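Next comes just one chain, in structure tokens: the form predicted on its own.
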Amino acid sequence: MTAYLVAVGIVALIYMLLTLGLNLQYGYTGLINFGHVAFFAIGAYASALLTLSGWPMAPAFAVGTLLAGLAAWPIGLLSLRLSDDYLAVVTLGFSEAVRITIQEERWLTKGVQGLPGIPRMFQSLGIGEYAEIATLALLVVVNAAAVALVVHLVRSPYGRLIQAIRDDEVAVEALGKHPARLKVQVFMVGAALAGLAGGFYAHFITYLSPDQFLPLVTFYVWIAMIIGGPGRTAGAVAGATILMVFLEGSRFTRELVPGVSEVQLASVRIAMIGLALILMTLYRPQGIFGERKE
């Protein structure tokens, strides 16, 4: 049971990093990103491939995070020319392009066969079952640092400026500011956080395949952000935690729903999450930590 709880905690903290990145992009700056999973995949595959090539894990993580951030640069530039609706379509298409590239470039990623044998974190220390506990502790530290970074950023003049861009970009331009540069920077920082989460995911799961990076992952992260409250760092933390409680807690509902097979239970779990999101949208659309608007 302890091993299961530790594994759930690790996945929850990985989703927390993803939610913090998306919340920075959309919650604070108003950039709609339906392709968040693409940067997650870039960070995961880059870190995994480098470590399999003999790189130490820390530099591999750094390169994966950097590549995810750099991959967001052209998408950030597109955000300057596209309205919200079109940006959503472009980012979704970008995520599928990344997934198909991973699937087809078998010489590098092994395609649909998957990439096995990825080194587990702290495995070289010979601490056995405590490796996952050490991974959990490291993720707690990384998430705490990410939260501190985001809080410091949004409370600074820079953060107030990006929130002004979200609320009224035309007014920001009228004041002589340049929203374009800031929007690209925020998009890249959010993508880098997703890439870092991907590195942790790769070295925890130790196996990667294109099917792990479907658009569903992006929408799970959106659900976490909406539940917690867009534009609230505490909301991103709480939303990711609540999402994982729903995803994992619903595994134990089989005894409460007679006649449901394991395969059918997966659909029941998604339906439960969808129902929770509908109720949240109806009765608290601003999220748990959002401010109620009269």
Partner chain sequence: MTTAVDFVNLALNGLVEGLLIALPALALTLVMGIARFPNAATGDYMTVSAYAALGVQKALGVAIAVAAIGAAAAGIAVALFFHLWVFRALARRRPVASLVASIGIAFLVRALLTLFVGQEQQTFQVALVRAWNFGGVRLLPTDLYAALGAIVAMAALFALLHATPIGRQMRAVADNPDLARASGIRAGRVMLVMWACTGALCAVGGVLMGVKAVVMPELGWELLIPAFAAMILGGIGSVPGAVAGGVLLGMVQELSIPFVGPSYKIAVTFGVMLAVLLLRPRGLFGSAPAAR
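In this text the structure is predicted, and so the values were computed from the model without any measurement. Positions refer to the first chain, counted from 1.
The same protein also has a form predicted in complex with its partner chain, omitted here; what follows describes it.
Colleague: Report yes if all three of V89, I270 and L282 come within 4.5 Å of its partner chain in the predicted bound form by some heavy atom, otherwise no.
Modeller: Result yes, every residue of the spot touches its partner chain.
Colleague: Please pick, from L125, A97, A134, V141, the one residue with any non-hydrogen atom lying within 4.5 angstroms of its partner chain in the predicted bound form.
Modeller: Selected option: A97.
Colleague: Should Y26 be counted as a contact of its partner chain in the predicted bound form, where contact means heavy atoms within 4.5 Å?
Modeller: Yes - in the predicted bound form, heavy atoms of Y26 and its partner chain come within 4.5 Å of each other.
Colleague: Taking its partner chain as it sits in the predicted bound form, is I223 near enough to touch it, meaning that at least one heavy atom pair lies within 4.5 angstroms?
Modeller: I223 belongs to the contact set for its partner chain.
Colleague: Test of understanding: in the predicted bound form, would L67 fall inside 4.5 Å of its partner chain by heavy atoms?
Modeller: So L67 does not count as contacting its partner chain.
Colleague: So in the predicted bound form, is its partner chain close enough to L80 to count as touching (4.5 Å, heavy atoms)?
Modeller: L80 belongs to the contact set for its partner chain.
Colleague: What residues of 93 to 127, in sequence order, lie within 4.5 Å of its partner chain in the predicted bound form by heavy atom?
Modeller: The stretch 93 to 127, when checked against its partner chain in the predicted bound form, contributes G93, F94, E96, A97, I100, T101, Q103, E104, E105 at the 4.5 Å heavy-atom cut-off.
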